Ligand code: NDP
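Shown next as structure tokens: one chain only, the form predicted alone.
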């Protein structure tokens, strides 16, 4: 199966490389064409100038873009040139309704759409250990398995179109609560004068541990927050969660609290830092003023 990849950001670049390692990658496309051409040259694959050109040369397309409007635009440009029976696997995090709209756009062409959002951060994308949550036709899922297995370790079909995005929204709510708890706990530990490296090593083996604690608490010790998952992207995802919950007339306290914290971080210029930078705000709870060691860029 010849696979094209669209969207070579922090996650997508790694995922495309893993498809190449699996012998599946045939072509890449990125809004910034230079990035696509550089990767294509490195991997000896094609870098078609347009999405329409990419669509006509592959059996399946994996997309990894930033927002709902982006995936709808990409699907509209791919649709006319995709052959009947082709697959579009969207690994972006968007609303479940956007996934259903994408599927409807492709249906007249005989093309199956699967919403396949991923979790595991840039580390998981690099190591092909992503958790992949899939919604869509089950037969299409079976055909897509070799592609998904090249990028992830846990690949699960959750039901009809939109189910993958609903599962990812669930994950994003969990991540919000966990990173808030880790940040608050680390700010508390620092105020207590504890040796933080030892604390991470010990509590990382305890009942309160999590992936975020083990992998992101060290950021809090160093006071630097290199982007694994950017604040502004999680803010976007939690806005999706808010909208999905609102359809039930429900407000989710964890989501609302973290959206408030992310808005503050973005306002201060930290929107492109990792979400562990919420530690900046938690550390201030223990300081006499709002000027902390962690409040400088």
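If you're wondering where the values come from, they're calculated on a predicted model, not measured in any experiment. Residue numbers count along the first chain shown, from 1.
Form predicted together with the ligand: not shown, discussed below.
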*With the ligand left out of view, choose which of 64, 61, 231, 258 has a non-hydrogen atom within 4.5 angstroms of it in the model of the complex.*
64
*Thinking of the ligand in the model of the complex, which stretch from 152-160, 200-208, 91-99, 180-188 has heavy atoms inside 4.5 Å of it?*
91-99
*According to a 4.5 angstroms non-hydrogen atom cut-off, is residue 74 in contact with the ligand in the model of the complex?*
yes
*Consider residue 236 of the chain shown here, and say whether it contacts the ligand in the model of the complex, taking contact as heavy atoms within 4.5 Å.*
yes
*Would residue 46 show up as a contact with the ligand in the model of the complex if we use heavy atoms at 4.5 Å?*
no
*asked:* Against the ligand in the model of the complex, would residue 251 count as a contact residue? Criterion: heavy atoms within 4.5 Å.
replied: no
*Heavy atom within 4.5 Å of the ligand in the model of the complex: which residues of 111-133 qualify?*
118, 121, 122
